[in-house]
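Given as structure tokens, the chain that follows is alone and in the form predicted alone.
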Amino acid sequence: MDDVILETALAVPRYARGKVRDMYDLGEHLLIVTTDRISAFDVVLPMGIPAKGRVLNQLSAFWFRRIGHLIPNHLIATDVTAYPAELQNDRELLAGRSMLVHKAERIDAECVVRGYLAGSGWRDYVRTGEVCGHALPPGLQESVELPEPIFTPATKAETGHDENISRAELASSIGTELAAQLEAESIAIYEFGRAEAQKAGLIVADTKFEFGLYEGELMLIDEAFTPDSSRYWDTDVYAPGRPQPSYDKEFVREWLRQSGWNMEPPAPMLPDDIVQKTSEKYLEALHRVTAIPQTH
């Protein structure tokens, strides 16, 4: 089992620190290092999940290469030998959990696409008959496939909780044309990824993307179709009308819901068995997804 990496310190300037990723400034480019930190309910937990960072990094790299024909993305290289000389002393740390990327100007929005009625979308539907302003037919079951994928943006919070916003609010904050482009690109990427995942017997129930502007053009950044950003289900056990087993941190969320925690920092320590099960789910997702045959 991998050593758990919660913090990194490299011989180059720190650019930013996210909930999971540490970013370093290389001038024209950035280095993104994916740690084993885990967040739930937008709070970073005090322990890590073994192998998680490598899984997220390798899955994002897989999907960035797979969807490059749809939209440019920020990936330049994952081979540590191609990194600048000042990073070579950290080759062992960086191998498998880092990527060299273009430095795009991030658009402050989470671009969520939902193809199935699950999670907070299901809870909204039960309460209001809508999901983030999208009116849906009455009588739908939990986990059912939606008539068509819906775009449900959210704020991008550095700390605290992301919040769902309407498409009109997104357009007001970033402009109507850019908001429409984000929606169209997000749905197109989701539909492609969902079709590809089906080849491995997986359902992508929902996902989120982040975008930036690079040399005036829209670019996909951050991560793509990872268990942190996407809800993966197994087609063999999928059945509407109930929650579905998923390849993500659902073990963590469920334990936290039952722990009595108030969902505000600090988060409690997780039991060893929950950590182990979560690590195994991430690794299984990596193995399932990267076995998808190359057809493009």
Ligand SMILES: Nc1ncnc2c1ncn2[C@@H]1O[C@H](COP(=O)(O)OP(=O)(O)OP(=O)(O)O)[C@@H](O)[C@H]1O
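Only a predicted model underlies this, so the values are computations on that prediction, with no experimental measurement involved. Throughout, we count residues from 1 along the sequence that is shown.
Keep in mind the form predicted in complex with the ligand is missing from the figure; the text below concerns it.
Only one listed stretch (178-186, 95-103, 143-151, 122-130) carries heavy atoms within 4.5 Å of the ligand in the predicted complex, and that stretch is 95-103. Taking the partner from the other structure, the ligand in the predicted complex has no heavy atom within 4.5 Å of any heavy atom of Val275.
Contact annotation: Val252 falls outside 4.5 Å of the ligand in the predicted complex, judged by heavy atom distances. When the ligand is considered in the predicted complex, His74 lines it closely, a heavy atom lying within 4.5 Å. Residue contact check for Arg21: one or more of its heavy atoms lie within 4.5 Å of the ligand in the predicted complex.
Among Arg167, His134, Lys156, Arg194, the residue placing a heavy atom within 4.5 Å of the ligand in the predicted complex is Lys156.
Residue in contact with the ligand in the predicted complex (any heavy atom within 4.5 Å), chosen from Leu202, Val112, Ile221, Ala205: Ile221. Contacts of stretch 192-215 with the ligand in the predicted complex, defined by any heavy atom lying within 4.5 Å, are made by Glu210 alone.
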